[in-house]
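The chain that follows stands alone, in the form predicted on its own, written as structure tokens.
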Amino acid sequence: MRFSIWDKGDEESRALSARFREQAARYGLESDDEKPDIVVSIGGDGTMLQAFHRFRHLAQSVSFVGVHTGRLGFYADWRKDELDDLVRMIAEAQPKIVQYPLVQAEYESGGERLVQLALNEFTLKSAEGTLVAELRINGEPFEMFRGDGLVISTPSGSTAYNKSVGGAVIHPSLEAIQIAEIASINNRVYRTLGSSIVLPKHHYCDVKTEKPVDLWMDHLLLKLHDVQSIRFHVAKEKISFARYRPFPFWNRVRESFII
């Protein structure tokens, strides 16, 4: 079993990373940052996003597992005081592999077709103030948007920025994306649905705009100056998580937002 560790970078996470390597060596686990079988994220959900983008080119072959240094997060099954148990499980147990959908963005820039993937969401905002955009669903005109921006999220990312702007929480077993508005302006010219919409697999949404835009891909910022249209849809690729014990999604939701 080959592993790679991606930690938050603070003193506590670095110490846990060192302990993981020490324990892993005792079980004969091999450290490999190029082609790991499993990626261990130590920190928080933001650390898991960073780990995903570091290894997203290996999405078809690598699995992720998270160790949270605070409270349990949506992408972390293990607490810091359970690190030794996790190492033992990786060495001795066969995990259940759970796959979550990703959201894909496609656009042309400089004559080149580019494809990007996000684990939580894409956030689209104007680089010059208010975002003005036409939304077309499956090639048909849907609405004219004017406002602060749009959040295009995965089901697993529906509990993040999407939820803060009024989007619904969606179970990550559903292959779908959600489009939520950020402070839309409605008048006789610009009319929007006023609520988030959920698109199933094989559906797509084109967002057409003439001004430079900022496209946030999880925590990463892409500044697009010559892009007139961006297509969003469920990606063919998925992220795989190694589950060594059950931790139902709705339990995570309840513990994060209710109790």
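All of these numbers come straight from a predicted model, not from anything done at the bench. Residue indices: 1-based, along the sequence shown.
As for the form predicted in complex with a small molecule, it is not shown, yet the points below apply to it.
Enquirer: Can you work out whether residue 176 and the small molecule are in contact in the predicted bound form, taking contact to mean some heavy atom pair no more than 4.5 Å apart?
Expert: Looking in the predicted bound form, residue contacts with the small molecule do not include residue 176, since no heavy atom lies within 4.5 Å.
Enquirer: So, in the predicted bound form, is residue 37 in contact with the small molecule at a 4.5 angstroms heavy atom limit?
Expert: Judged by the heavy-atom cut-off of 4.5 Å, residue 37 is well away from the small molecule in the predicted bound form.
Enquirer: Please tell me whether any heavy atom belonging to residue 121 falls inside 4.5 Å of a heavy atom of the small molecule, as the geometry stands in the predicted bound form.
Expert: Output for residue 121 is yes: heavy atoms within 4.5 Å of the small molecule.
Enquirer: Is it the case that residue 45, even though its partner is missing from this view, gets within 4.5 Å of the small molecule in the predicted bound form, heavy atoms only?
Expert: Answer yes; at least one heavy atom of residue 45 falls within 4.5 Å of the small molecule in the predicted bound form.
Enquirer: Identify which of 208, 57, 219, 191 has a heavy atom within 4.5 Å of the small molecule in the predicted bound form; exactly one of them does.
Expert: Contact check passes for 219.
Enquirer: Using a 4.5 Å heavy atom cut-off, which residue among 99, 138, 130, 164 comes into contact with the small molecule in the predicted bound form?
Expert: None of the other options qualify; the answer is 164.
Enquirer: Can you pick the stretch from 139 to 147, 101 to 109, 152 to 160, 88 to 96 whose heavy atoms fall within 4.5 Å of the small molecule in the predicted bound form?
Expert: Single hit among the candidates: 152 to 160.
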